[in-house]
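Quick setup: one chain, the form predicted alone, written in structure tokens, and binding and motion questions come after.
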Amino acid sequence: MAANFWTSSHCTHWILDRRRVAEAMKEDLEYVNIDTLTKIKMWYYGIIGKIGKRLQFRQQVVATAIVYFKRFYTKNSMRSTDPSLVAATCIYLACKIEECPQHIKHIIQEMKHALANLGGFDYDTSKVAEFEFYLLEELEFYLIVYHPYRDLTLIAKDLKLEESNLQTAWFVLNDSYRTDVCLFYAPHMIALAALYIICVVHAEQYNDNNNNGGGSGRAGGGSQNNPTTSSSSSNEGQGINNRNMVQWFADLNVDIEEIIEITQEILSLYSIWKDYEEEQVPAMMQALKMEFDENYELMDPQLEGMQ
């Protein structure tokens, strides 16, 4: 792995322009609207997550598989490919890259189990192994993925964030992989956005307690902001003072507007999630994948030529 994100292939090749992603969705959007397409993708992200849970993967393996899935569909339409084959292959490749080896048969078995009531999974080991080469080509063989989990952990340590708030921020990061923010923004910015969401949603946990005789938090130089609390060191780890967090974000050498953009995109996911029902996905897929068999036959020569 590169010494840091800024010199990695993730930064130099896989931080994308939104127009590129929009262009890749054009064919799919001729058959379904953007909300429906988002729900279909969410369903496949969920399948990857469920398989990861059943096979006891680390969260980073699941996240890498989802990123590969997203990157693949910046160059392909879901209509002209089989997302279940793509998802299985992404899981298999992510296991290799994240040093979490898993036999291909186990992944196929779990995919068959996950899709048992939804048309099944008709691919064998040879087909998944064959498709792996096509996936690698579409990913341009740039397989390193940086995730925001490490950045969040470092930030939480610096802020002495309470464990409950760190856990909630971690869940927000998990949810962020249901959006496309990992394609557009650096991992540390996504981590900051997760923290920003926690500060907004749980603002009552960060209320200034000076009137109650308590000390302020240490984040962002709390004692400088409030000289009367210079003895607040005993309150380290007891939460973050809301006023201090405002100052902390203001002092960051980052684009605050970008953090807000990421925040809005993650929050927009929750509005879609409100009326998301898994049982509706097969009908959505049917609308998207009409004449799929004919389209997929067009891909087979590509795969055969790579043997």
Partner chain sequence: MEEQEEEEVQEHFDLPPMNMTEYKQKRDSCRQKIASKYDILGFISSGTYGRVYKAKSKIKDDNKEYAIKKFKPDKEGEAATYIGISQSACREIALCRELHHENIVGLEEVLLEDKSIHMVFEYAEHDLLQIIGFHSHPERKFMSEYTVKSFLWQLLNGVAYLHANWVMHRDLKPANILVTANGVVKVGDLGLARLFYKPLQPLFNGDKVVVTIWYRAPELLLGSRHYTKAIDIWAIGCIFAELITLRPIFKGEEAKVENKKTVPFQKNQLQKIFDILGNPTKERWPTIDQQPEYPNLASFRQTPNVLRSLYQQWPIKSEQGCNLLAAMLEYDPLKRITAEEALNHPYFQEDPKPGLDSFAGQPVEFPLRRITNEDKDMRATANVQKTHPVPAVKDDRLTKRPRVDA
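Because the structure is a prediction, the values reported are computed rather than measured. Numbering follows the first chain given and starts at 1.
Omitted from view is the form predicted together with its partner chain, to which the following refers.
Not displayed here, its partner chain is approached by Ser80 to within 4.5 Å at the level of heavy atoms in the predicted bound form. Using a 4.5 angstroms threshold between heavy atoms, Arg58 counts as touching its partner chain in the predicted bound form. By the criterion of a heavy atom within 4.5 Å, Gln167 is excluded from the residues contacting its partner chain in the predicted bound form. Its partner chain is not shown here, and in the predicted bound form it never comes within 4.5 Å of any heavy atom of Leu183. This chain is displayed without its partner chain, yet in the predicted bound form the stretch 115-123 from 158-166, 171-179, 189-197, 115-123 comes within 4.5 Å of it by heavy atoms. Residues of 92-107 placing a heavy atom within 4.5 Å of its partner chain in the predicted bound form, in sequence order: Tyr92, Leu93, Lys96, Ile97, Glu98, Glu99, Cys100, Pro101, Ile104.
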